[in-house]
Ligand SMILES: C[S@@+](CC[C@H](N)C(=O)[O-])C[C@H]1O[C@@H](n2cnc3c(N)ncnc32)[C@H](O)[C@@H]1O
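In structure tokens, the next block holds one chain alone, the form predicted alone.
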């Protein structure tokens, strides 16, 4: 009988209240595959190298980037968080777009499980470290986690979440000027990489202040072999009178992939489209065409590319050789895809390059490493088209982001891709996504993360009624959506549910469940904490907030999972993804409800542990029945 009870307990799994730690999971994988590389529970680097067949290097000198606080970065990365995301109003937010208000480092940790490997593209515009930036960074490199959380605005002195948080200006007079910035950027980029799909891309805007350091840490995090381009963005028409040296009219955008990609292409620009100005019988489907020479002198000698073309009774030979084989050439001539003309006594043989393919799909080109605009002045006009006041003077042009978002990776059109910006600012990325969706009827979705950074009281934004930058970002999305809808009246059907112009709002806050206090020293305090944990639901926790916390920490679904609220035997429960998972947050569960859940046959059932506080027998029977039906049973 005792053995049976132990078996039952093993099947009642407790929900882990911490965020996912991918590094811990990787260590567990290595332990299962290479147990010989572990000593005292930790990886021995030399043993791992031997297991991989690498020679040991006894020279301690290494090429790389280091700074004061780098080792602490990895501690911050590996520390999980018990924070969660709360939604103000579940009923009124049916959009799949998401805006999250809170410190992006903690938000990235919260998203690790549900969005691991799901993001197609990330764009961020972080602080450039000009000496006037204010951002969260560890100014003490031996800082404890609790101290960081307090300064980051995750907790106040009483252990509660704060709304405003604390920021520090990173002055150039600081002895850790570059170190502070690197310590801020490194863990965020490290965690962001986990969220990218295998063929996903990340774009990071930066200027000359930190381009060298940024490229070094991105080489380390993403790998030099995954470097795609250091884009030069000409961002100004011109800039004032020259004082000394050069007038700077450019910034950079670094692009890396998570894994090596085969191809990257982009839509044709207006100038390229205009070059396709010739017409033939294929024009209704394939549009205009331009021509390209079919003779080449640049290829190495190949005998199969040297042959005559018979045309109007004459043999046409190349000066060196053709680009195409004889078979391909003959087929193209037969299909009227080659233009042959005689000019000044010499034959010209050129291929027709159509604007569209045989199905009428527009051809694409290759992106250039230099962007000539759009300019920062256009970003100002973007904001003035939505706001009367200059509420956010340093935004990026939405057309710059539309250009990046229009890139296609490995020839795949991902019309429903998910994109992320965790330094969202005024949210130009969100506007770019909505405009692209309206233009090509795609279904891209965005996640924007922005700290509730206070606006200066003397700023135009504060005078206009905006207390934080997060408020500006949310209002921009609303006004941009309204503008798109007004401009498209009569052109698109906005009532068919296909164009998403809304967004859900989440806020980073403390867990809805009481956390076990690790630092208890007094015996009386230990007993008190134990009694408090009998009912581990925090005071004032709402069902909707608990629901999303369980989804984030216990479910394989993301924040856009389909949720249906049901009621049976006077008890509310939630169906996820048409009943694949069921969550019940009632403080009491009945035998009838358990039987109903078993009848519905979900893959997983989660409920509160306190729901069984007066009925251990029902808890035991529930575990046994769900084990028999192969339903994963968890309590929190």
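Positions refer to the first chain, counted from 1. Fair warning: this is a prediction, and the values are worked out from it, not measured in the lab.
The form predicted in complex with the named molecule is left out here; the points below concern that form.
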The named molecule contact at residue 396 in the predicted complex, heavy atom, 4.5 Å: yes
The named molecule contact at residue 126 in the predicted complex, heavy atom, 4.5 Å: yes
Heavy atom of residue 187 within 4.5 Å of the named molecule in the predicted complex: no
Exercise: residue 433 in contact with the named molecule in the predicted complex, heavy atom 4.5 Å: no
Site check 96, 200 and 420: each within 4.5 Å of the named molecule in the predicted complex by heavy atom: no
The named molecule: the contacting residue among 477, 447, 111, 424 in the predicted complex [heavy atom, 4.5 Å]: 424
Of 103, 210, 549, 382, the one that lies within 4.5 Å of the named molecule in the predicted complex (heavy atoms): 103
Partner-proximal stretch of 228-236, 448-456, 364-372, 561-569 relative to the named molecule in the predicted complex, 4.5 angstroms, heavy atom: 448-456
Heavy atom within 4.5 Å of the named molecule in the predicted complex - qualifying residues of 606-636: none
